[in-house]
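Consider the single chain below, provided in structure tokens and representing the form predicted on its own.
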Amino acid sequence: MTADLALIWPELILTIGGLVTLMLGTFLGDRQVGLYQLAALLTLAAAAVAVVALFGVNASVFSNTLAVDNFGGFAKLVIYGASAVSILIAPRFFAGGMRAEYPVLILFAALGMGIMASSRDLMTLYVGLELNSLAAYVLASFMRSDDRSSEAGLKYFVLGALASGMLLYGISLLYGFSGTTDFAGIAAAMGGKLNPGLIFGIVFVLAGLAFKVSAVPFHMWTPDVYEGAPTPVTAFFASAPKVAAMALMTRVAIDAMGPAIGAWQQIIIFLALASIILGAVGAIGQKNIKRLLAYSSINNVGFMLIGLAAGTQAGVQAVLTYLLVYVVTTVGAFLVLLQLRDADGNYVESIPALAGLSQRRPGLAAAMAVFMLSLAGIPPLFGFWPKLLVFQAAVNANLVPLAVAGIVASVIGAFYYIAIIKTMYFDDKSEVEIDGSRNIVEGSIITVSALWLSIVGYLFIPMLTVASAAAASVLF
């Protein structure tokens, strides 16, 4: 037990840091929000250091229920980074409405996501997923005086409960027909002839996980929740939980269901194509930029699933690279959105209101253009690289029709990204007078993200290749 505890320092740090921050908030109230923010950021930084210190370790702890390996470590670093940004940008958005619970909820959500990324057992999988979900439901409805936020929280809770029920049913089937909840035991059971019980278990487990990554047809909550939730929370939902859920789905597919690739590959291919097409088409008529970014996330999840459908180490490497680039791009786009307020101090979310932004705030418009073009995967921006990797993985796995379909659909998706750039640079100024709100921290993150997503990002390919290869090799 002591040896196991020595290998889960990231989780222990998050647990202790979350409890300490919670107690501080209980005794000091909402007067010391900056203190709780600092405590949460230091906790995430310490957990990240612990993850880096454990790189190279490949072990299973607590009776093989949790893995301590490079794959989980890679995902955790991205999760902690996105969580830290979500905490940094919150106080200015909430202003006087910032509460002590916010950083605590982010910490416990990060703890749950870390467990998800490291799970090697169906029980720990569910515990991690629910720990993250319970915090997320509260975060979605964090602005209690805002009807949109309350509606977002309720929708997320109801649909999340439905997805959890489907997942639990799938878990019960896998346990019933394999006799174990351990991923290795399930893989051994699937190594023989697949019976209908195991096939239905695969279907329901993947359906439950598809909800968490917003894959079609389990995407219905995403546009409404993204639009209704507070913008820092939406930025969080679009980044960290996506990484955790995608890492979990990858580990389950490769680690637990690897021998049954013929069964789950068809499901993943359908989810990928449906997500890419609906995400592209559904975004075209959107006028709210948060809803558009919701459909963008659905679209990008489809491309990630192409890498997973390959079922190879190269495919998993592509998924991990895609996750990192996607998180940086999406967080940057939401940070630009947080800079835009009208004359009354209200945040601007309407796409037509961005008309003429290039004249009012040329720096913000340029950064937003980089983020949009990178999401579209248009070269030479760095967002092109992960798309190239997933298509290469699909082709090498003899999934050429899937790669071709993805490439064709990506052209459709590029339309609405370019439409935003056209609005900012070529449309007449909107009547909405945008007062660009400046913030040094947010501006620095936007600048660094935009620079990295330019051709500068290609300089980091060797480093990123080594890290993603070390992470992906663990599953093979």
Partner chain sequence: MSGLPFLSLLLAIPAVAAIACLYVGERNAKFVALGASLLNLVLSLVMWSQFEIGGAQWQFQELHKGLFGPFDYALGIDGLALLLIVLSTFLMPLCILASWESITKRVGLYMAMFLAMEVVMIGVFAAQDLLLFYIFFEAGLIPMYFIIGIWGGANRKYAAFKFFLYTLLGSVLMLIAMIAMIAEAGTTDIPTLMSYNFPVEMQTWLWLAFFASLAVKMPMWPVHTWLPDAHVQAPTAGSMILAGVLLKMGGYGFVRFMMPMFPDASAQLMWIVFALSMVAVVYTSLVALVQSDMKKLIAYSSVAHMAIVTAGLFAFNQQGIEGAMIVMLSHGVVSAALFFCVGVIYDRLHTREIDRYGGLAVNMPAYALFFMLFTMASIGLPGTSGFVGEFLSIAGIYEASSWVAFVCTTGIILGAAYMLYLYRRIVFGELTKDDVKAMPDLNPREWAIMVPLAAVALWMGVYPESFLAPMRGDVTTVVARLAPAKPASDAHVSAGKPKAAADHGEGHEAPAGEAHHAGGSQ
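Computed from a predicted structure; not experimentally measured. Numbering follows the first chain given and starts at 1.
Another form exists, predicted in complex with its partner chain; not displayed. Remarks below refer to it.
The candidate spot formed by 392, 415 and 461 lies fully in contact with its partner chain in the model of the complex, as each residue has a heavy atom within 4.5 Å of it. Interface residue remark: residue 93 is not counted as part of the site for its partner chain in the model of the complex, having no heavy atom within 4.5 Å. Among heavy atoms of residue 385, some come within 4.5 Å of its partner chain in the model of the complex.
Proximity of residue 403 to its partner chain in the model of the complex: non-hydrogen atoms within 4.5 Å are present. Among residues of the shown chain, residue 378 is one whose heavy atoms approach its partner chain to within 4.5 Å in the model of the complex.
In short, of 358-366, 323-331, 256-264, 200-208 it is 358-366 that has heavy atoms within 4.5 Å of its partner chain in the model of the complex. In summary, among the residues 52, 448, 45, 411, the only one with a non-hydrogen atom within 4.5 Å of its partner chain in the model of the complex is 411. In summary, among the residues 33, 419, 41, 61, the only one with a non-hydrogen atom within 4.5 Å of its partner chain in the model of the complex is 419.
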